[in-house]
Every structure is written in structure tokens, then in C-alpha cells.
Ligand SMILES: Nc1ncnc2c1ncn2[C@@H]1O[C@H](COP(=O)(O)OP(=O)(O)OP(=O)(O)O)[C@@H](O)[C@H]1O
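Single chain ahead, by itself, as C-alpha cells, in the form predicted alone.
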């Protein structure tokens, strides 16, 4: 369990300082440890000296829960550390991700329009609610919508498919529609209070780059956009690491400028900032008929040569079975006639 900042009182931290920490969304000692004293001082309007002392005391408390280990651990211990994942409700996608969506990291779904990004994100906001014994996290979700593409009606059908009460499933998804980068950044900061208070273990941001592309057009604004995006992603990383929640973001794509043969015609937007921030990058594309294809674009521990097929139905994202891939009798007759 994380240490709430109120516990800093026992270490002699003033009530006024704790109030400033809370106002700046530093609700636990662990989230304090994840930033530098300089950043803490700026965020909370503290002197650098006070910020350093606060961070030191927060670190001592975080050491007691094992969040920080000043002695270090062996690589073998790291290998044995339990990794939490939850099912996305599609066997192929779960397999592609090494067993499901992992907590504590960023999972990115990138692709053109109508490739399944929002459908996968919506389904995850339901399957995260499943009991742990059924592959879920037994917790709620936050959905941040930058494009107005979320559909509560679709979520209702997905919940019924997985045996959840639709009304309760909808209540367990906290929805935010954001209209600009300022809204988006502030919403993520507010989650430092919401996530622990409301038992949230999944945050979805659909899509990460939409407002940044609109508000910072042209090469002359690129440096400013990337710097602002980078700071935003640091908040995201602090959130998921501090509370061990899963983070799914969707991303748009852009044309590859060089157009080299045998190379993907599109790539995710966001440049190196997003490339380095995402732990698991999944590229989505359209397949034959109603099929969609998912492939690992980048991951530290997964095979990027595997592709899986899935399809989008009224009840969400489902696997494409071998039977589904067989041509129908009508298609066979048509082909023979030709």
C-alpha cells in the first residue's frame, strides 16, 4: 500500500507544506520520490531546501514498503518480481502482449482511422473490471477522450458479453472529454487524487497526440510541442508507476517521408518523445473484409514478427477464428465461375 503524504507529519513536515503537496496532486510519498527536488519545489511553491527535505523523508517512508530499495536488488530478484496483467478480452491481442495489458507501463495502440483503437480501449475499460480470478484487475477505469469517439452504448454491449451488469460497468468508468492540451494535462494531474480514492487501475487516453498536433502546427512549433508533450508524459509515468495502474493510449499515424520499398507506409506520430515513452507499441491496420491486424512495433520483451487478426463486432473486439477465415460457399462458387 502506498504511503499517504499525511504520514509525513510523523517526520516533522509542516501541515502547510503537506497542504501544498496535496494541492499539487502529490498525494503519496511514492509520487514525491518519482520527481526531482527542483520539480517538487516548482510544483508546490516551496523553497528548494524544503523540497529536498520533504523528498528525503518521503523516500525513507517509501523504503519501508519496498517501493525504494537503496541497497539495490539482483537481476534474479527482478526476474522473479510479480508482473500484473489483465485480459483485453481478445485471445490474440492478449497473446501478442505477452499475456494481456501490463500495469505500471504505457501500452500504445497506433493506427489509421477505423483500425480498432477506440474499440480496444473501450473494451479494456470493461475487462479491467473483471474479477482477478477471471483475468481482470477488479477495479475501475478512467477514460480521457480527446476526439469525442467514446460510445457508452458500445460499452454496454461489451459488458453484457463479459457477464457484467451494464449499469454497474458504466458507473465504474469515469469519463472525461477534454478540448485542448491544457485540459488534457490538468486532467492527468487530477488523477493523482482520483486513482487511489476510487480504486482505479486503468487509465485510457484516446488519443494522446490529437490536441498537440492541432495547437502546435508547423516545424516552427515542433520544439515547443515536444517539450510540452514530454512533460505531460512524465506525469503519466509518475501516475502509473506510483499507483501500479495500467495506461493505454491511442495514437494517430503519419506517412513515412522516405517511401522506401518494403517499409510501412505510415508510422505513429509524436516522434522520439512518444517512441521512448511507450513501453509496448502496437500497430493496427485494416485486413481483408472486417478483419483488423495487430503487430508489435516495439517492446522490450516481445517478438515483433508476429501478427494477429481480430475483428470488431457489436459486442466489441473478438478473435478471428480459422473458420472465419475460410471463404464462404458463395465466394468459392464466384471464384470458380471466374
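Positions refer to the first chain, counted from 1. For clarity, every value in this text was computed on a predicted model and none was experimentally measured.
Omitted from view is the form predicted in complex with this ligand, to which the following refers.
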item	value
Position in contact with this ligand when the complex is considered in the predicted complex, options 171, 182, 114, 80, heavy atoms within 4.5 Å	114
Position in contact with this ligand when the complex is considered in the predicted complex, options 269, 39, 57, 313, heavy atoms within 4.5 Å	313
Residue 147: touches this ligand in the predicted complex, heavy atom cutoff 4.5 angstroms	yes
This ligand contact in the predicted complex: residue 154, any heavy atom under 4.5 Å	yes
Non-hydrogen atom contact residue 281 with this ligand in the predicted complex at 4.5 angstroms	no
Non-hydrogen atom contact residue 210 with this ligand in the predicted complex at 4.5 angstroms	no
Partner-proximal stretch of 240-248, 117-125, 92-100, 221-229 relative to this ligand in the predicted complex, 4.5 angstroms, heavy atom	117-125
Residues in 281-307 with any heavy atom within 4.5 Å of this ligand in the predicted complex	292
